[in-house]
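What follows is one chain in structure tokens, specifically the form predicted on its own.
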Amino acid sequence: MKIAVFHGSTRFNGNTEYLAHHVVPKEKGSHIYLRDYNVQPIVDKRHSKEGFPHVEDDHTQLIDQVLEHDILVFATPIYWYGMSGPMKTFIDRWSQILRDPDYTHFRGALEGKKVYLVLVGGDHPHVKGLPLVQQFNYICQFFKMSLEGYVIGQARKPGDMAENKHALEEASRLIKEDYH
């Protein structure tokens, strides 16, 4: 099984990244940092005659990574009780990919993929992060993917996650499959 971790944090070596590396160590999967890619926000043209315009950015490179892997891990800090901006922009653009003539297979190719979440927040994230888990669950249902599990860590300042032993233990047990 091939696994990809999509990192939504804008902070290099932040708490979310630290926890995600306990879920999938660097040598066990592909780690894709959305902050390193240029992904433009969606301009919704679903109902216009001309449809979506071509966008010169890196989004299709990321979509190709999604399609190449069997297990997807979405790692995001909890920002204002939702996913980070880079993660939201990346997923919002899936509406455009669904109508891209080069990706007519996109929806069907996602079916059956396993999804895991890594979420980190500072303000009661085990409660306030649950709507984000539900949002990802709806995304998974739409594409017939399976939300297999999640770990939520609490951390306020850079480096705090290293002290969150409970979250680190949960993270190391989250994915039970053999991955390489």
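The numbering used is simple: start at 1 and walk along the sequence shown. This is a predicted model, so every value here is computed, not measured.
Beyond what is shown, the protein has a form predicted together with a further copy of the same chain; the following relates to that form.
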Q) Can F143 be called a contact residue for a further copy of the same chain in the predicted bound form at 4.5 Å between heavy atoms? A) yes
Q: Indicate whether a further copy of the same chain has at least one heavy atom within 4.5 Å of a heavy atom of L62 in the predicted bound form.
A: no
Q: Flag K49 as yes or no: does it have a non-hydrogen atom within 4.5 angstroms of any non-hydrogen atom of a further copy of the same chain in the predicted bound form?
A: no
Q. According to a 4.5 angstroms non-hydrogen atom cut-off, is Y79 in contact with a further copy of the same chain in the predicted bound form?
A. yes
Q: Check, residue by residue, if N38, E68 and G108 all come within 4.5 Å of a further copy of the same chain in the predicted bound form, counting heavy atoms only.
A: no
Q | Any residue of 129-146 that, in the predicted bound form, places a heavy atom within 4.5 Å of a further copy of the same chain | A | L130, P131, V133, Q134, Q135, N137, Y138, I139, Q141, F142, F143
